[in-house]
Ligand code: 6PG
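Take a look at this single chain in structure tokens; it is the form predicted alone.
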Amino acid sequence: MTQREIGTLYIYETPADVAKSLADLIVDHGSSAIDGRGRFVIALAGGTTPKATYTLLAKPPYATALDWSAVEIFFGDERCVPPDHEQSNYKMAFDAFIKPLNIPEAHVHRMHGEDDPARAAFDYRAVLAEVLGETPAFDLVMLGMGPDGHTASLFPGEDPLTDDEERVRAVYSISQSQWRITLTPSVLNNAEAVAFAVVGKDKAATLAAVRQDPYDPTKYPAEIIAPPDGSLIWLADKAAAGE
């Protein structure tokens, strides 16, 4: 049996505390990357807590804490909807902090959810290769986890390593009746750091299972996230941390 990397768990009182801690983490990793390599490459997540974090980043003191013109933004996954759709991860991030911070358009690499899913995945592979090379490596990957244990758009019931070598794949979510585009584990795990933000009582049992139960990433895809040369960080509120 494969031994999972459970990472380090930090527990906070409230979802707002989790969002602030995630903002602090982004600034810390961003500052280090820009100082060391001249740019900060991040893969964003959708969801309520990331949205709260993005809103914080657009305001003092975070708005001036980084050279935002040196940030390269990617997305861990996207729903197959137009970029102005309310379900679009890109729209949420754009409205919350990309636009307010005037991050250069050329540095924002969205997944084209309005295109044919297979074509959108193919094109995003090309973007990754063009900007990051044949072995894409993020400075930081943001992830969430659903009550069912899914992360990015890697859903239970299918081996999350399916087509892993493709780096980006189209996925049909049966539970959501929707096509999505997602980065695969080989890309997510090649990051310097991966940060999960998990809040809410409805995720407590799953978070405990992901960190403690026998390894089964087909049941809980979040378990597949284990950067071999990077750090794995869990930020959870007390409700999600449970016991």
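Keep in mind that this is a model prediction, so the values were computed, not measured. Counting begins at 1, following the sequence as shown.
Keep in mind the form predicted in complex with ligand 6PG is missing from the figure; the text below concerns it.
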Partner contact check in the predicted complex: of 105-113, 129-137, 144-152, 159-167, the stretch with a heavy atom within 4.5 Å of ligand 6PG is 144-152
Output flag, Lys20, His29 and Gly230 jointly within 4.5 Å of ligand 6PG in the predicted complex, heavy atom basis: no
For this session: Classify Ser186 as contacting or not contacting ligand 6PG in the predicted complex by the rule of any non-hydrogen atom within 4.5 angstroms, answering yes or no.
Result: no
### Message
I'd like to check something about Thr218: if you look in the predicted complex, is any of its heavy atoms closer than or equal to 4.5 Å to a heavy atom of ligand 6PG?
### Response
no
If we define contact as a non-hydrogen atom of the residue within 4.5 angstroms of the partner, is Thr55 a contact of ligand 6PG in the predicted complex? no
Ligand 6PG contact in the predicted complex: Glu72, any heavy atom under 4.5 Å:
no
Of the residues spanning 54-93, the ones with some heavy atom within 4.5 Å of ligand 6PG in the predicted complex are Asp77, Arg79, Asn89
